[in-house]
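One chain follows as structure tokens, the form predicted on its own.
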């Protein structure tokens, strides 16, 4: 075994010089042990080191670019993998253009991870000002996944050339004194300041520009993982901003699109006919608004109109509506005394020949239509709302609650009204066999009877 010793984890120049000598010796990748610094990782490695090659070796330009990135990766096998590729390139056994080559694909993936880490450092380093005897000093703490600090320091020199700063990491520290860049030993998180005087102003600014309508939580966490949050003052606001985003979005829509809300169901229904908030109005025949007494004590909220509801302009008149009416009758609930509506007012479907196949509305469509449901609740003032299915409970509470696990439980709407959750009647139409249908119809009837019993208790009080 041959030992090739490098000065640092990101020592590209040292690796390149060793490769020149190793290639002249005809060394194979599996015969080389790459060591960093004076630490010995392999007890069987030979202490002899091949002399660095003084003569440059011709390589494809894209290999040099790839190697400089991969050297910064944290995988200890990176030196050996790059040498194996280099040896095969010189021998003609591989080509840099071969996109299907597994070794090349692996190395390109490593380079991608390094570039991503470089981007994260540039995006999430937050300097905090410290007053020292010789003036202001800006200090930041960062925890890179790979050995990118030296490679990335030139960016910060260009960006912050006029200020004195330090970036502390568990690998290495870099310090800029407005003239030269200095390196220091690894640091601890405790060595960096935790806050400075301007952070409260920054949090105020960040909170004011936060746009709830553009919030994509999964995308945000992908681009800004939680591991970086403790370095960034604005992230203290993120949980609260996420929690309140939907309410703020609804408030924005109300203020900008509907500055004066109708004060009766009749005028609200007339305004809804002109609704163009989302594209669902285009292919639908008409809007299907809620119906029932304006002072109804009980409200039912479904998902959206179906094919027959879209044609008739009334909610729950198709097959699911007929099943719904039958169950209400058995539970001794008078539909004419309840207000019946949907979370989404237009029929969303996919054409299939002459048929229109129901499609579930997405979160954006639910949110756009939420303004109408909110006004229905405010005008009717029900004492109890029954949410029929997942879309209804999402619209009423702002939460994605699985119906099966939460069926029969009580929640609270965004307006503070008690909400009872059960299945949508259309669920019963999709069951596979008659025995299951009968069992689920009994469960649905039991849910409605529980609603009836709750209403009776309120009357007796």
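Numbering follows the first chain given and starts at 1. Quantities reported herein were computed from a predicted structural model and do not represent experimental measurements.
The same protein has a further form, the form predicted together with uracil (URA), not shown here; the description that follows concerns it.
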{"item": "Uracil (URA) contact in the model of the complex: residue 309, any heavy atom under 4.5 Å", "value": "yes"}
{"item": "4.5 Å heavy atom contact, residue 79 to uracil (URA) in the model of the complex", "value": "no"}
{"item": "4.5 Å heavy atom contact, residue 265 and uracil (URA) in the model of the complex", "value": "no"}
{"item": "4.5 Å heavy atom contact, residue 424 and uracil (URA) in the model of the complex", "value": "yes"}
{"item": "Contact residue in the model of the complex, chosen from 376, 365, 303, 117 - any heavy atom within 4.5 Å of uracil (URA)", "value": "303"}
{"item": "Contact at 316, 320 and 342 by uracil (URA) in the model of the complex, all three, heavy atom at most 4.5 Å", "value": "yes"}
{"item": "Location of uracil (URA) contact in the model of the complex, chosen stretch of 130-138, 86-94, 295-303, 174-182 [non-hydrogen atom, 4.5 Å]", "value": "295-303"}
